[in-house]
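What follows are structure tokens for two forms of the same protein chain, given separately as structure 1 and structure 2.
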Structure 1
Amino acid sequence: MGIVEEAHNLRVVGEGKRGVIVLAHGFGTDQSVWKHLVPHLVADYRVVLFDTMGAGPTNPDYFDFTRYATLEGYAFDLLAILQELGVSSCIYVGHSVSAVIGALASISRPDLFSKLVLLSASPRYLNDVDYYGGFEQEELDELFEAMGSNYKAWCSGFAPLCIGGDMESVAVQEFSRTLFNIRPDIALSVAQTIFQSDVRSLLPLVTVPCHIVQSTKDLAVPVVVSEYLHKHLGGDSIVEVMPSEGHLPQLSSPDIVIPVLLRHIQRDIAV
């Protein structure tokens, strides 16, 4: 087993006759977040699953606080994974921050990506002049302080807010589990990198076709952000806003979200 394979708990499942699909999870989760989607893909595709560095199942000794202080560090990891597997082209499905990570990776190697399916994606979480990202700096500072002072308590409060349900729901319990599994200092560092990121200036450089998929109600990503992406991405793009709630709809509303994701995976944008 190579170092890239071991570090990211790399798994490849499926037959692969219709090509390669890479599934990349967002903050606070791991590759298990795709459990409702994978069974629909394995008959036709070679499906690549991995954990981003810092996720609970990864070895915290591999987490380099300097490398992962920017999203580019994760983009380099993604390219290394594709190289390790000998992938020459893939359909990339990225959730939350991993949607942006895929977009960044595609700027330097557009040949590796036939399309990007961006679920719950945001180029910037902070509000700005003529831009609504959903958060003010004071709100983020309070979030970081809460994470730093009592991580477990923060997880218990954040999980239901993010999912859009109560603590009794299976999706909230699942998200709470994967959040708890992250070492607190790593979780805080990753959250700061994500929430303070701003890749708006790079969007015109993304030329790979992008399928932007978004919940109607999402604590982390307002619906207007999907339109912002659509307007500023450099290549062809399409937006679909689903009648789902929460930032992890593939976990909380699979009956709504999985058919939508499958449609965007299987069909290209009509030009």
Structure 2
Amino acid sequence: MGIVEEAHNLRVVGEGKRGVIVLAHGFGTDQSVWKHLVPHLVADYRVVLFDTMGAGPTNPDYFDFTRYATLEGYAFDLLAILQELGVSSCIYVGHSVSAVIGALASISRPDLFSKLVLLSASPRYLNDVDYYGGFEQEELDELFEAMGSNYKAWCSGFAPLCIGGDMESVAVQEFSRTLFNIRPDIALSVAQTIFQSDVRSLLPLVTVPCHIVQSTKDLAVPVVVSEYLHKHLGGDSIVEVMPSEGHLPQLSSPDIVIPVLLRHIQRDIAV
């Protein structure tokens, strides 16, 4: 069995002929976050599910801290998976950080992606001059503080006790709730990677059509971020804001989200 398949818990379900769909989950969760969506897709598509490195069910020994210090490392993983499976063109549905990872991968290999569906994506979380990402430096400092203390505790054999709910900022709470489900050392590295990433300058290089979908009330992804993406992405893009709440809408409000995702998967942007 290929190392890629085994390491990422790769699964291909469905025998549909309409194409290949790749579902990529965000950090702190795993492929089971798509459980409500998969049944609707298996009839028409071949659905590829995998766990990103560092996610719960993966072998922690495979997590390479240098490779995954930037999001490119994950983009390389994605391309390796597509190559392993021999996929020539796919629809990529990515949640949260994986949406950005998919966009990055599509810059180097636009031929592999017929469209990208970006669920709750954000190019940069930290606020900047003229840019509202949703998080202030102090809030992120608090998060890193908590993760750092978990890490220290874990190394010294103490119980890592800080959790998402302890954060002052509700935005940080919402986003990082699942992040604290990762082992403390990996979690710290992943959090740094995510919050230091800034792919705004790379957005114009994305030429694949993008469907941007997010919740109305996602504390980690303010609605203006979707606007920003729409304006700066290189290829065609369309935005839909769903009347759902939270950063994991495919789990918390599947009845709202699944029909929207299906629509964006099945229909293309009208030019």
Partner chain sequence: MADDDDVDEPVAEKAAAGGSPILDLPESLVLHILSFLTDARSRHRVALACTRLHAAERATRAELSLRGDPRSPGFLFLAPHFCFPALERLDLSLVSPWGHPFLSSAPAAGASSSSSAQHLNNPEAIFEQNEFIAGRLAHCFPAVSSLAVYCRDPSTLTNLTPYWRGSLRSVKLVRWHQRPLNLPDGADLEPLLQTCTALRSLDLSEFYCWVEDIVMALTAHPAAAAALTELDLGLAGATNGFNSPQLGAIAGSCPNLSKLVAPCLFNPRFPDSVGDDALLSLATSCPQLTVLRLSEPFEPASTSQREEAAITVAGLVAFFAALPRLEDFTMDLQYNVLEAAPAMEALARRCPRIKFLTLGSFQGLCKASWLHLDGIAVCGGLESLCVKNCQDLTDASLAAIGRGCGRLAKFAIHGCDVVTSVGIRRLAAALRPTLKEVSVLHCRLLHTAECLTALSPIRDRIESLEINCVWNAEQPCGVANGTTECNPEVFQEKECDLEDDELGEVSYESASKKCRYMEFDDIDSWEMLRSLSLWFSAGQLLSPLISAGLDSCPVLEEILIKVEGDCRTCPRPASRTNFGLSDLAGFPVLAKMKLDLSEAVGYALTAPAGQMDLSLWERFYLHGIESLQTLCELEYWPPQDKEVHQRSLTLPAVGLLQRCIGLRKLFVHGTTHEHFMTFFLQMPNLRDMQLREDYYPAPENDLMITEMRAESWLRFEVQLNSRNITD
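Note that the coordinates shown come from a computational prediction; the quantities given were computed from them, not determined experimentally. What we label the rigid core is the largest C-alpha set whose atoms superpose within 1.5 Å from one form to the other. Here, residue number means position along structure 1's sequence, counting from 1.
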{"property": "Form predicted together with the partner chain, given as structure number", "result": "2"}
{"property": "Residue shift check between structures 1 and 2, rigid core fit, F175 Cα at least 2 Å", "result": "yes"}
